[in-house]
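Starting off, we have a lone chain in the form predicted on its own, written out as structure tokens.
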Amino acid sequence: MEPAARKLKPATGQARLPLFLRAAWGQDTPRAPIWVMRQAGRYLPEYREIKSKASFWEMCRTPELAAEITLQPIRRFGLDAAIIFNDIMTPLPPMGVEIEFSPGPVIQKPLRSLKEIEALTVPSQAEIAPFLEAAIKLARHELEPTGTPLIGFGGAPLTLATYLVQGSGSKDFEHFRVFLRTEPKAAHLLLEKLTELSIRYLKAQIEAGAQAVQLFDSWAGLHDQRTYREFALPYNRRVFEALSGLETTSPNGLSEAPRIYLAVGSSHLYPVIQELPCEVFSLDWRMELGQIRSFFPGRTLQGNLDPTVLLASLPVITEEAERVLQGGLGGPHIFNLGHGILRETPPEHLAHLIRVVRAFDRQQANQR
């Protein structure tokens, strides 16, 4: 297995990279770059205007709409990175899976048997989401003048499997958790297929112009270490290893795409998660960053403000943001929320958060 984290090729030159990419590659930057998960979405009035005229799948599958939504928070806030607008469920319909959103994803026919899983096809890279590749190219074209990097993303195999077996969102995901124990052969076959799907899906995004990729493992925290080690770790590792060294175009030529991993509610899994070969670990709000850093030596930490803080007053936002920034000292840090921004968030509260983060001098704070 390759080293846990790679260093940027000297020929690429970190000094010429945008702040977000420098931090992702392990540089202890003068200030923390900031972007937020679900920043292209429902809390913005300009997004709701588009949503009033198009369904969710129409927005995802229409390159011009997906690119426009991606750019909305960059125009409004000038964040340090954009993330392409789409959904982790996007690569599943080409496998033969019917999905509706009401409002979350609903699988019309959940997979509960080996026969059903054997019938799943793994589409070629070109067949998975050509509309997403087109949206990435459109967004990159618009972002080039500002130098703002674009992040691609996908769902981790275990999280995709969770939806496919359970059928929809759930408090306990009892069908899936039982399935892992009673149908391990079927579970591993499903994870094998989803791993290959994820590799092809993320490769396509990098080749289209995504300058970093994030793997969302939204439901990894449901499981104990033994279960995660059997049903998540080897598949996530294969995804990340397949993306190692992949290059995308940048204003300065070719550069590699750093790999980011997010597992929500997973602090009990950090001793296992640290084995993954990726550059950045995105963390929820359940532990202080200073406590977490010892699990991930030499890696970049991303996070980890509780999203509900953005519903509080501006002084509270300032206090809580500065606490996270202080916790992020002692190593590379990308400021983000611990999960997606809530739809009730006032846009002016996010604008205030961005000002607080940008005013925090990490070099000066480290000298105190």
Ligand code: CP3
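This is a predicted model, so every value here is computed, not measured. The numbering used is simple: start at 1 and walk along the sequence shown.
Omitted here: the form predicted together with the ligand. The next part is about that form.
Interface residue remark: F153 is counted as part of the site for the ligand in the predicted bound form, having a heavy atom within 4.5 Å. Although the partner is absent here, G327 is not a contact residue: none of its heavy atoms lies within 4.5 angstroms of the ligand in the predicted bound form. Taking the partner from the other structure, the ligand in the predicted bound form has no heavy atom within 4.5 Å of any heavy atom of V309. The ligand is not drawn, but in the predicted bound form it has a heavy atom within 4.5 Å of D87. Proximity to the ligand in the predicted bound form, defined as a heavy atom within 4.5 Å, singles out one entry of G290, G221, G104, G245, which is G104.
For the options F281, Y163, Y201, F179, the one in contact with the ligand in the predicted bound form, meaning a heavy atom within 4.5 Å, is Y163. The three marked residues, W285, R299 and L305, fail to reach the ligand in the predicted bound form, with no heavy atom of any inside 4.5 Å. Heavy atoms within 4.5 Å of the ligand in the predicted bound form are found in exactly one of 95-103, 115-123, 188-196, 222-230, that being 95-103. For the stretch 48-83, the set of residues having any non-hydrogen atom within 4.5 angstroms of the ligand in the predicted bound form comprises K51, F56, I83, in sequence order.
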